[in-house]
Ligand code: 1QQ
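In structure tokens, the next block holds one chain alone, the form predicted alone.
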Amino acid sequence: MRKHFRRFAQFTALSSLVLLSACGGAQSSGEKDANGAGKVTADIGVISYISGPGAAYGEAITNGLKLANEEINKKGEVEINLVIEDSAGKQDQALTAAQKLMNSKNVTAIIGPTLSTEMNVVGPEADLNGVPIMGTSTTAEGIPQIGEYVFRNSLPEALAIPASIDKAIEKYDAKKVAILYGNDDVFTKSGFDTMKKAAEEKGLEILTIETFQKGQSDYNAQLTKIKSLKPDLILASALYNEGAVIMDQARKMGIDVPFVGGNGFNSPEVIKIAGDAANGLIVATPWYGDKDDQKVQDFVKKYEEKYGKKPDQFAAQAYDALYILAEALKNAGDADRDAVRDALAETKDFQGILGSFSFDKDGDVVMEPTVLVIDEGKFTVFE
């Protein structure tokens, strides 16, 4: 029996009702496809950062999900209905949305929420209730380890940041670094922890560690100190709003050394906000939209035609996530939450637009990152 069964088993009269709620989910509708096989139908909950300062993340994620959903339903093997809730990037709102979705017996699984900060409160609740949940942008350390029902297909900082730093060291013969990070967010704090650990392991001298907070607009004090110390690289863990402003102010102060960014920088919004100041930013990602791969180019074309802009990594990860979940529904044979969780855990060598993807024993990512740099206003492969 699953962990949540054991937890609820201690209750008496109410336990059977809770079990029904926890284990329920839309069952196979009984419809037949063209080959006479049963078509699995399910509601999939989505918790996304749709309103607020980080809404570009949520927009990209929901766009990717909606495009994948149209394609999946058109194929006819699985019928998915997306039930989308806005978290506004807030823990309490994300938790309220999650509870609403989990209390619906028709919701088989949840995609999201967007931020690791949100997943830290939503993940345990989903695990407790036996609801499979998959983060498409939650890259902080320890997310899948929250519980056996918690997965992610987003490349964790623990894989991405060291790959970026390695490339930067190789290219610039870097020896000294300054680190700058947001200290009031789980995601950016986790990115800093990874940066510091990677820098120490690679023998880099850390000249200074500077902090800031979400919504901050003036970074003069931090950047003045960094400039005086003359680092070879600046390692920065920030969401795109703060990150873009930091780079813009740094360049205006005459700081021209390369930035190595965490996952929050992997957005076209950085280029949109910072302009030429974004040039030289190095990041690692599973997504590269100019990759010479037919599956990738087909996705980019369809996304541009539908939304009028190029997809970023958040759109791509969400797109692949729904396909991974659709495959799990198909393999499970119905929309039972436990069966779908088990099918997700068995995902190996899934061939998506991000490349070959598998879950490890913890529900974490197994794949190779690509290191990119912003050059002349666009992301390109960092050679």
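Counting begins at 1, following the sequence as shown. Since the model is a prediction, treat every value here as computed from it, not as a measurement.
The following text describes the form predicted in complex with the named molecule, which does not appear among the structures shown.
Undergrad: Answer yes if any heavy atom of residue 57 is within 4.5 Å of a heavy atom of the named molecule in the predicted complex; otherwise answer no.
TA: Result yes; residue 57 sits at the interface with the named molecule in the predicted complex.
Undergrad: Verify the contact flag for residue 239: yes if a non-hydrogen atom of it lies within 4.5 Å of a non-hydrogen atom of the named molecule in the predicted complex, no if not.
TA: Looking in the predicted complex, residue contacts with the named molecule include residue 239, since a heavy atom lies within 4.5 Å.
Undergrad: Can residue 187 be called a contact residue for the named molecule in the predicted complex at 4.5 Å between heavy atoms?
TA: So residue 187 counts as contacting the named molecule.
Undergrad: Examine residue 114 and determine whether its closest non-hydrogen atom to the named molecule in the predicted complex is within 4.5 angstroms.
TA: Judged by the heavy-atom cut-off of 4.5 Å, residue 114 is in contact with the named molecule in the predicted complex.
Undergrad: Looking at 138, 164, 87, 108, which has any heavy atom no more than 4.5 Å from the named molecule in the predicted complex?
TA: Of the listed residues, the single hit is 138.
Undergrad: Using a 4.5 Å heavy atom cut-off, indicate which stretch of 71-79, 284-292, 261-269, 303-311 touches the named molecule in the predicted complex.
TA: It is the stretch 261-269.
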